[in-house]
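First comes one chain, alone, set out as structure tokens in the form predicted on its own.
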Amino acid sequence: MRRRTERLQSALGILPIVVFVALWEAVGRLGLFAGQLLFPPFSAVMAEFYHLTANGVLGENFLSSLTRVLIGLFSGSVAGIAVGVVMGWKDVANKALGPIISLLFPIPALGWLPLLMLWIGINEMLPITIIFICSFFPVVYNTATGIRNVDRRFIQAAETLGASNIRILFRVIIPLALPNIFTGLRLEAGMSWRVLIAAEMVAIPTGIGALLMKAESLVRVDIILVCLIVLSIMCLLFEKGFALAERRMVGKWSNHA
């Protein structure tokens, strides 16, 4: 009975997607919206997806974008967690760095693009730096907030048992702050792709964003839609990946606790 219920729920979850694809195909085939040139059916988009994959164009541009996202997101997240831990753990660091973080955090990552183009130039470091900025500030904020919100009773209990400050930090405070830390990571996992695409569209000759702009100049709506599908899938996979990592890490620590 339980398996049947799970299968029914899975089917109901897929049903809206099936309906959406069917409507897309019908509208495209019938030319009800701007004709097939400007609104190709789903089957035509999938055919172009296969063609771009077979000739290596999509794979080459995708790997360029993926590499930039992984480097920028990893470095920004690691730096953000490190700074956030220090700010949350030490009041002096929070008072010194807090105003700076609060001042810079509201600036959109793409707002740095014109300045970085002058400082760094148009090269591989430009999109990586944009993603670093996009990841760094939210992760710092969520990490510091999570550590400061840890119940002091847990810390006092660890101190009573004779645990050192370092042991308390890594065995008590950081594990309890993991939900907040992963909230920042999960939010920025998808945002990093959005920021990257925008940066590539403006200044970088390779990547999914650059492919989008080339397709626009050639009026190839099917290629544009292929790129958007890839973007949506990667945003979803990155967000779900961090959500899965959060469940496993938080659950593992809870079991040990």
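Keep in mind the model is a prediction, meaning the values are calculated, not measured. Just count from 1 along the sequence shown to find any residue number.
FYI, the form predicted together with another copy of the chain isn't displayed, but the following is about it.
Looking at 131-139, 97-105, 81-89, 67-75, the stretch with residues near another copy of the chain in the model of the complex, meaning non-hydrogen atoms within 4.5 angstroms, turns out to be 97-105. Judged against another copy of the chain in the model of the complex with a 4.5 angstroms heavy atom cut-off, the residues Met125, Leu185 and Ala245 are out of contact without exception.
For Ile204, no non-hydrogen atom is located within 4.5 Å of another copy of the chain in the model of the complex, even though that partner is not displayed. By the criterion of a heavy atom within 4.5 Å, Glu60 is excluded from the residues contacting another copy of the chain in the model of the complex. Though the partner is left out of this view, Val219 does reach within 4.5 Å of another copy of the chain in the model of the complex, counting heavy atoms only.
The closest heavy atom approach of Leu113 to another copy of the chain in the model of the complex falls within 4.5 Å. Note on the partner interface in the model of the complex: the residue among Ile224, Leu52, Val45, Ala189 having a heavy atom within 4.5 angstroms of another copy of the chain is Ile224. For the stretch 232-248, the set of residues having any non-hydrogen atom within 4.5 angstroms of another copy of the chain in the model of the complex comprises Ser232, Cys235, Leu236, in sequence order.
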